[in-house]
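Have a look below at one chain only, the form predicted on its own, in structure tokens format.
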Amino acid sequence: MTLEELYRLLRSGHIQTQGIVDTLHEPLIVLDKAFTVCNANPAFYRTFGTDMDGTIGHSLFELGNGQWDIPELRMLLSDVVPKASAIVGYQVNHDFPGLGERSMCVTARQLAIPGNNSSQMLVVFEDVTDRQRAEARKDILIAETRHRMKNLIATVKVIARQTEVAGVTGAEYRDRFLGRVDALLIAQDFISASGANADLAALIDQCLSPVAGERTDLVASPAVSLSENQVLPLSMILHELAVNALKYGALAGDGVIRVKWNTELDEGSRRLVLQWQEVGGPPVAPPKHIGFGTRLIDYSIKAEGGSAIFHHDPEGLRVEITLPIQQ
């Protein structure tokens, strides 16, 4: 091989290597023994807001007004890398000027030059801040999902245990149990779709439609937003009232359910006052015993700081529900 051929071969290899380095997304620099920057790729300039003139020939620890003069990084490069030859993925957390608090994974490797006592160091910086934040958000989401699943299963167990079994057939028990589970699932879907601001009118329509169909008279009322925590108990309450109307009240005959609401001040706080009225059904008489549905309504509304007052008028059941507005 002639000297010219060797020169061309070396030059071709250099160009290819430089091309690879320039296309890397990760910031990369080459340091000499004194930690002076010998080379840097465009990703380094782009990420840390510097340029070639302000980087090449300068100490790494002086770049960017000393932003890289981090004791942890200095110790890594001066003490650890010479002994271990390479360090892979060592995380450095630092508040970088212009970038803010970031987490950098530093990979450093010694470059021994054959026939030459000098050595260089290749240092690659990977900004893992966004990835770690995304993983943290995912972990929170998974934990929240597990928590909700446990609560959901616990609620289903309570419904299964509390649904009446005395004096009912297996089919009746199944229908009552599944009806309550469906109400639970509707509430969960509504929470997922609505988030922190659930519209009361939409919730009532979604809860009553499966039971009452078009036999619901929603009287025009002011817009009210419910908190996420209030959706589930109010959904279960509306379901229990609707099922009761289907079995014994207005929906057992040719009647309808009329619902309207308003808001009012109560000791300086605003509360919802919802009126449930059944019209056109068979004559109503007070119940001889309190069933699970009534207990569930009472427990749910009190747990939210509200109340439910039943009026068993002969012409139709009336229920006044009050609930603090958590806005």
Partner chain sequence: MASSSTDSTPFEILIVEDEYLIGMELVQILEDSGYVVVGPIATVSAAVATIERNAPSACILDVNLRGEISAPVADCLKAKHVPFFLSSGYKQETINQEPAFSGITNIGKPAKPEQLVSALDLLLKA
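Computed from a prediction, not measured in an experiment: that's the story for all the values here. We call the rigid core the largest set of C-alpha positions that still match within 1.5 Å between the two forms. Residue numbers count along the first chain shown, from 1.
What comes next is about the form predicted together with its partner chain, which does not appear here.
Each of Asn151, Val158 and Pro233 is positioned with at least one heavy atom within 4.5 Å of its partner chain in the predicted complex. Of the candidate stretches 23-31, 43-51, 288-296, 264-272, only 288-296 has residues whose heavy atoms lie within 4.5 Å of its partner chain in the predicted complex. Of the candidates Gln67, Thr36, Ser300, Gln277, Ser300 is the one whose heavy atoms come within 4.5 Å of its partner chain in the predicted complex; the others do not.
A heavy atom within 4.5 Å of its partner chain in the predicted complex is found for one listed residue only; from Glu172, Asp130, Asp79, Glu144, this is Glu144. In the predicted complex, at least one heavy atom of Asn229 sits within 4.5 Å of a heavy atom of its partner chain.
Its partner chain is not shown here, and in the predicted complex it never comes within 4.5 Å of any heavy atom of Gln110. Residue contact with its partner chain in the predicted complex: Ser209 places no heavy atom within 4.5 Å of it. When its partner chain is considered in the predicted complex, Gln162 lines it closely, a heavy atom lying within 4.5 Å. With the core held fixed, the Cα of Ile140 is displaced between this form and the one not shown by 2 Å or more.
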